[in-house]
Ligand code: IMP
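Take a look at this single chain in structure tokens; it is the form predicted on its own.
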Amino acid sequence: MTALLNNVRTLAIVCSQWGDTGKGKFVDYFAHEWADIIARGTGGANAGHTIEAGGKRLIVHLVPSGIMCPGKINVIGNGVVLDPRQLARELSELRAGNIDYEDRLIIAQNAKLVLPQHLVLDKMRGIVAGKGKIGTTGRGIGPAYAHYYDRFGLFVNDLLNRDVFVDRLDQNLAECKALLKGYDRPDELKKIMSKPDLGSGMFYSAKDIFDRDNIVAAYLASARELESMVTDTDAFLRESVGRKNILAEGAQGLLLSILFGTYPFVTSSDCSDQGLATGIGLRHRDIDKTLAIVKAFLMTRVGEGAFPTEMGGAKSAFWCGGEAERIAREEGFSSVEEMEVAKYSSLKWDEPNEFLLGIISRLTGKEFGATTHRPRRPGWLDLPLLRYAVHVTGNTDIILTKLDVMGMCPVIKVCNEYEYIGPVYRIGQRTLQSGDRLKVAIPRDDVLKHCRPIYREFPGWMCDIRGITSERDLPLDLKALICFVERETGTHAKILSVGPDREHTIFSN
């Protein structure tokens, strides 16, 4: 690690795929071994980072992943959209786990507020959109960002000034009520507002849609717990550049970036290292090094959108898009994971049915959303998408994660290019026609849904690699696969993750 971070004072950890690649583990790793400050700058409670260390397992949504490391300062930056009620729940869980955060967690005064109406809008839009839904988490992230850009959003600092908060809340509620009345779905609206994450009806008013007084009371109560943490984090981090080791924690992944992702099935923030720098109050040039995480040789996607290498194709998308949850509920299981364990844990890795192979991969890799618990859609590693990510960001130093998951699979497939099989499609000065080959993905759903993956097949290594601590001791078949990915994408695998714990980490030569 010393050689990798030579002369580095600000390090960014981001994802080059659709998220869920293991950022939490490596933020925790570098927080424990190297960083003084850990700062998160994008997304909101739609992100879930899982940390496993010392026999403890922690899932955080808003709190930075360095919180398990004593003595380290954790920052929620200005680019985060923050639901104070969710943060209060996380702080309660930290206290229950005897994880001390006093004087170690600070919150940007200019972070954006997520309010009950944002959750309502998010959920209602999903219902209205029907088959055209994006597949959001329903946590109010998109509407909160949209209101900020529309110039009637609220900031965390507004909670410190009651009159300001009430005045701006009234303006925001007026805009939201006008939109919701236009949907003209009062019964569905009442049902949405009866859900636990909306206070089981406490924010609902039959007369006026929202009970403004209850919103004010609940949010100002949260503010009393958080007010000692609210400060000018932008200034704090600017003053720390070059003096302290700063670890910038990314959320989601580049392919979900509002600027660079597979539009329209993206999140509402810029998940690149550029967006991350802005979201913690720094310039992109302040970042000395970026490590981009790539999950291999299984990759996953949550929600809607084209996924060329998905195991099981449309059947998998339908299953993970709600069908599995419906069946689990009807059959009395508490979750899709519980159902899949009961029904499919006896399957073998030589399973010829790719849909079932995807279930094996999901169960082995524990690929269920840390935030939503939805089953993640599994697929083979997609190099055209990785090449696109590298071309956009220039991030060639990567971390390969979850290398242990596919170890017992006898044949590993890697998509090296696409064949376009759709209608004639113009994109700028280029015209795609059926039969064209693509080495670099075009991140538009209109194109990706017509891309047939062309695979290279490799033998699996057929052993457990979690106990291996040196690159030279890795199976030859695994090393050959890693070299293939590096050569084909122009990347360098600086770190190899062979398991979920900190010690399951190998630094490459």
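In this text, residue numbers run from 1 along the sequence as written. Quick caveat: nothing in here was measured; it's all calculated off a predicted structure.
Not on display, but discussed next: the form predicted in complex with inosinic acid.
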Does L291 reach inosinic acid in the model of the complex if we count a contact as any heavy atom within 4.5 Å? no
Does any heavy atom of R104 come within 4.5 Å of a heavy atom of inosinic acid in the model of the complex? no
Taking the shortest heavy atom distance, is L169 within 4.5 Å of inosinic acid in the model of the complex? no
I'd like to know whether K123 contacts inosinic acid in the model of the complex, with contact meaning heavy atoms within 4.5 angstroms. no
Interface residue in the model of the complex among I141, I76, L298, I246, criterion: non-hydrogen atom within 4.5 angstroms of inosinic acid: I141
Just to confirm, with a 4.5 Å cut-off on non-hydrogen atoms, which of V302, L363, C415, A111 contacts inosinic acid in the model of the complex? V302
Within 4.5 Å of inosinic acid in the model of the complex, counting heavy atoms only, one of 262-270, 90-98, 232-240, 422-430 shows up; tell me which. 262-270
Among S16, L383 and T489, does every residue place a heavy atom within 4.5 Å of inosinic acid in the model of the complex? no
Though the partner is not shown here, which residues of 236-257 have a heavy atom within 4.5 Å of inosinic acid in the model of the complex? Q252, L256
